[in-house]
Ligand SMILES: Nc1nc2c(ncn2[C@@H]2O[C@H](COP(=O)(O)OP(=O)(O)OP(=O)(O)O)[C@@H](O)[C@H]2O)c(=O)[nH]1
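Below, in structure tokens: the form predicted alone, a single chain.
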Amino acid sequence: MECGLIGLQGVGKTTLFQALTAHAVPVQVGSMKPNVGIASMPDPRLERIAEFIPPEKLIPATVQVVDIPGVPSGGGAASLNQVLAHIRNVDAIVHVVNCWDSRDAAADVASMDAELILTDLVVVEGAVDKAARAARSGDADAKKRVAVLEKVQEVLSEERAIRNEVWDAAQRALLKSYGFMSAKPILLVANVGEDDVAGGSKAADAVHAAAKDLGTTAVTVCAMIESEISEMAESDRSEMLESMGIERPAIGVLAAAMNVVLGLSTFYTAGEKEVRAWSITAGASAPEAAGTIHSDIQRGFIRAECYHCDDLFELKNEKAIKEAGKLRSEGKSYAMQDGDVVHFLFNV
């Protein structure tokens, strides 16, 4: 799963990308090629599990992040189309908005949303014509495609994003095949200045209000500070946070929001060697979750022995969890719950 960071040029996307990836990726400043890296997902629950089940290693879940080149202001259709092509390939969008100077943040959000809708409208007009020609030749699948695409065209013509409409699973799969950008889930990031870490500015408020209008959420982050924190040793990091009156880096809040916008949930495996977080599609079955660890575990799945991490926090150890009747044995039809701690039994 990929999250694409988008925004106008100069809004701090690449700085945020460096914060998310802990400066592990050499960035190409000013390039029209995206920067791609892996972001570890800060997770307070993972750290708490390790307090009760001390491991040799602590391994967070990860997500792939794509720093898409900034949308140029008046840069011409060719460069704009090049940027938009990258957006088409990601699973979810994180729109970074400049909230540290006198820019009109609400206008920037509206402008980007309108650009995505307009681009999708151009795509769907061609797609409807092509599907209609195939339908006239008796292609049954094409007839279904026409019905969906005509609805998409109607929605876009009314300047509404595709993501805010109700679609069934088959329709969503069709939409994904066309790469419609306004169909992708979106998260807004109010990138504030170092003097407004709490996000009390009118610009940050405007971004949060715009998120409600779009049917999504917003997160306030100072990308510059988060980037600096990500480069520090743990001891220095704690000291800096304390001096600024910050309990935890905001990047953890952003990571959690990215998980939500990607439609992911988290389960854990815990033992003496490692305590590890795993990201899965929300509602995935126990065998599907097992498959994220290894395909052999999914293939030979017998059952999942699990409990919720909250049970561990309350009862302190797995022995007490079992004695309290909180240790569950789940079969192939079990839908994993966010926060499950699991041991998979399998045979191959």
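These figures come from a predicted structure and were not determined experimentally. Each residue number is its position in the shown sequence, starting from 1.
Unshown form predicted in complex with this ligand; subsequent notes refer to it.
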>> Can you confirm whether P44, L254 and N259, the three residues that make up this candidate site, all sit within 4.5 Å of this ligand in the predicted bound form, judged by heavy atoms?
In response: no
> C222 near this ligand in the predicted bound form, any heavy atom under 4.5 Å?
Replying inline: yes
> Within a 4.5 Å heavy atom cut-off, is S182 in contact with this ligand in the predicted bound form?
Replying inline: no
> Is V11 close to this ligand in the predicted bound form, meaning a heavy atom pair under 4.5 Å apart or at it?
Replying inline: yes
> Is the gap between V192 and this ligand in the predicted bound form 4.5 Å or less for some heavy atom pair?
Replying inline: yes
> Among 193 to 201, 122 to 130, 84 to 92, 271 to 279, which stretch has residues whose heavy atoms lie within 4.5 Å of this ligand in the predicted bound form?
Replying inline: 193 to 201
> Pick from P34, P60, G70, P287: which residue has any heavy atom within 4.5 angstroms of this ligand in the predicted bound form?
Replying inline: G70
>> With this ligand taken in the predicted bound form, which residues across 93 to 107 come within 4.5 angstroms through any non-hydrogen atom?
In response: W100
